[in-house]
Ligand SMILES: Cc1cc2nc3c(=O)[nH]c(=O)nc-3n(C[C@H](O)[C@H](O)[C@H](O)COP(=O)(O)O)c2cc1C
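This document opens with one chain alone, in structure tokens, the form predicted on its own.
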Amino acid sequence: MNFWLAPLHGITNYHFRNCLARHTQGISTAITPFLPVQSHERLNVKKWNDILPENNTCFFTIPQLIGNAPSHFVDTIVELQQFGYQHFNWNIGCPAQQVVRKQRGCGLMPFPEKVEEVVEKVLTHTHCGFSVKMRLGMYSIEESYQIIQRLNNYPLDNIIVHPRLGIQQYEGIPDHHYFHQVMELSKNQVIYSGDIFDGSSYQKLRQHFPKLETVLLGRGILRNIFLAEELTNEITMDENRYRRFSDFYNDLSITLLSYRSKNGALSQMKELWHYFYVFFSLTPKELQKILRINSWQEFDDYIQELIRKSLTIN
């Protein structure tokens, strides 16, 4: 099984990706958080730090794009190819309202003809590998069926499917029945994304889909940064996991402080602790105590003490 790092906007940037690669194993490929496509005259390469090759030397990296104008995809891809990238992913699965209302992300899924128009334009006017990350639909399962049938006419790298509807956000459980229907319908390789948090959820997935070759890990690997290597090696716990997490956390802290203010670093670290708290089996109340801290030094002291206690107990 291949494990890829899923894109989480504002979280899995290249600083996080590089720290993850330095301290864990098991991830072969990373998809970047989405980059809006633009017309050639509006492209601003200065804002592309997250996808610059010199910042992405740890994983095989696939830039993710978001938008709905076919010509803008061509212009953006042609520019990105100057940096050496030859594979790109298109996000039509993001359910965030500010994205959907602009008919981007999952907001495009009710319009299969527009999805096909972008894919046809990209594959006709560029020479690159192209893939799509989608859901089962925005409002209806039928949306994914219509899109898959159209995409069967094109040689895509793969289609990544998160088996929920957009209106569900991340509520409920992934629908494996309809994911299977999509797999059967698609002539392109289908990759799974969604709610792989531990060995148990992974084994259930393998039992349901023994032919599945690749899985994206997103929120699961934020809850446990060692998840990919644990699944790869079929182990449940590394006895040095808290020591290794401490090394990862210190590396990430130094990295964040090297390019952001203390307030900026604190803000980003708090975002991460919405997930890290699961690794330490903290309660929601204990998490709220962490999130209420407004001083970087106080925050770091608290986390260091938390890690020390975990090392002592375990």
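The numbering used is simple: start at 1 and walk along the sequence shown. Predicted, not measured: the structure shown is a model, and the values here were computed from it.
Beyond what is shown, the protein has a form predicted together with the named molecule; the following relates to that form.
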| property | result |
| --- | --- |
| Partner-facing stretch of 72-80, 189-197, 120-128, 204-212, counted where any non-hydrogen atom is within 4.5 angstroms of the named molecule in the predicted complex | 189-197 |
| Close approach of Gly107 to the named molecule in the predicted complex, 4.5 Å, heavy atom | no |
| Partner proximity in the predicted complex: Pro112 to the named molecule, non-hydrogen atom cutoff 4.5 Å | no |
| Contact label in the predicted complex: Asn91 to the named molecule, heavy atom within 4.5 Å | yes |
| Any non-hydrogen atom of Leu216 within 4.5 angstroms of the named molecule in the predicted complex | yes |
| One residue of Trp273, Phe34, Tyr249, Phe279 in contact with the named molecule, assessed in the predicted complex (non-hydrogen atom, 4.5 angstroms) | Phe34 |
| Within 4.5 Å of the named molecule in the predicted complex: residues from 1-25 (heavy atom criterion) | Ala6, Pro7, Leu8, His9, Ile11 |
